[in-house]
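Only one chain comes next, encoded as structure tokens, the form predicted on its own.
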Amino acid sequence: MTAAVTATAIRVSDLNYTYPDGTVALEHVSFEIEKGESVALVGPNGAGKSTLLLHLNGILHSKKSRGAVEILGETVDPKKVHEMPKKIGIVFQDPDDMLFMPLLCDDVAFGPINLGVEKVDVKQRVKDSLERVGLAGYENRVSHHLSGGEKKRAAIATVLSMEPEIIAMDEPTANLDPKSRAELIEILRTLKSEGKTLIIITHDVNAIPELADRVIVLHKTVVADGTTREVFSDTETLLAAGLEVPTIMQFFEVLQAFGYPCNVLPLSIEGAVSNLTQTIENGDGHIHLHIHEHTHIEVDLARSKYQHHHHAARMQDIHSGPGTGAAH
């Protein structure tokens, strides 16, 4: 019994929450996340994702749901909210909500100081945390002079300095340029490889295959929960929740309409490279793509499946009859 408790990072059991104005945010939400798991929490705007996040560290608490949230085997107690950052760190969507001190070193030191960490240890934690997010030497920088990507990474550093076992993030890649997005994804991948338990709220479906092994779809209640592939393969549930699947997956489904042999749709660039390499090696070095009388219909079906209401472009040279093309 003890082993089962220690293996569970987060347990949510029949959690309900209604805001004072009567807005129902969460209904009968239940799930468990094991230590070391990386889980993406997805859902449309207003689905209750951020509300759920605030329950995990005790900021929000429903008296009717007493005992509904457990972190590392202990029920979240709103009277002990100040102790929660040692267990679970929350990285909010807007980094300015977490960066409010004169210098960045003060922001990163704020948490450990409030946890009673010794001065010499605080200084080392600040240095280590900034290094881990690629901001070594930024101790005396003013946070509001940082770029958007740097602010996001600095916000993560303020959580890492408290050394929590669990890190929960709200839209970590939102509003970032491609370079900053790639840098942040690499930081999260490193945390994942180190065995940190991650729960990531995101609309960035193209990042999910790189970051999460499991996806929970929330729409006030849990409407889907499974491996990344299982959830993204359930197109109807995703579309009903206002979500999409990764672009790579959509592209390869269109390729299937041209006869590309692909029984398992890749979810990421890495998966696509692996799939193409294997297909080419098994096909004597080339891939045959065919255009026949049904191709346009199949392409339209694939595109409309993902709510792309563009009509397939006419290919004048081919429309007069079936043909064959080959990619080498």
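In case it trips you up, residue 1 is the first one in the sequence shown, and so on. No experiment lies behind these values; they were computed from the predicted model shown.
Keep in mind the form predicted in complex with a small molecule is missing from the figure; the text below concerns it.
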### Query
Among 32 to 40, 274 to 282, 46 to 54, 261 to 269, which stretch sits within 4.5 Å of the small molecule in the model of the complex, heavy atoms only?
46 to 54
## Note on the structure
Exactly one of E253, D107, E150, E171 comes within 4.5 Å of the small molecule in the model of the complex through a heavy atom, and that residue is E171
### Query
From the list H203, R189, R141, K127, which entry has a heavy atom within 4.5 Å of the small molecule in the model of the complex?
H203
### Task
Flag A25 as yes or no: does it have a non-hydrogen atom within 4.5 angstroms of any non-hydrogen atom of the small molecule in the model of the complex?
yes
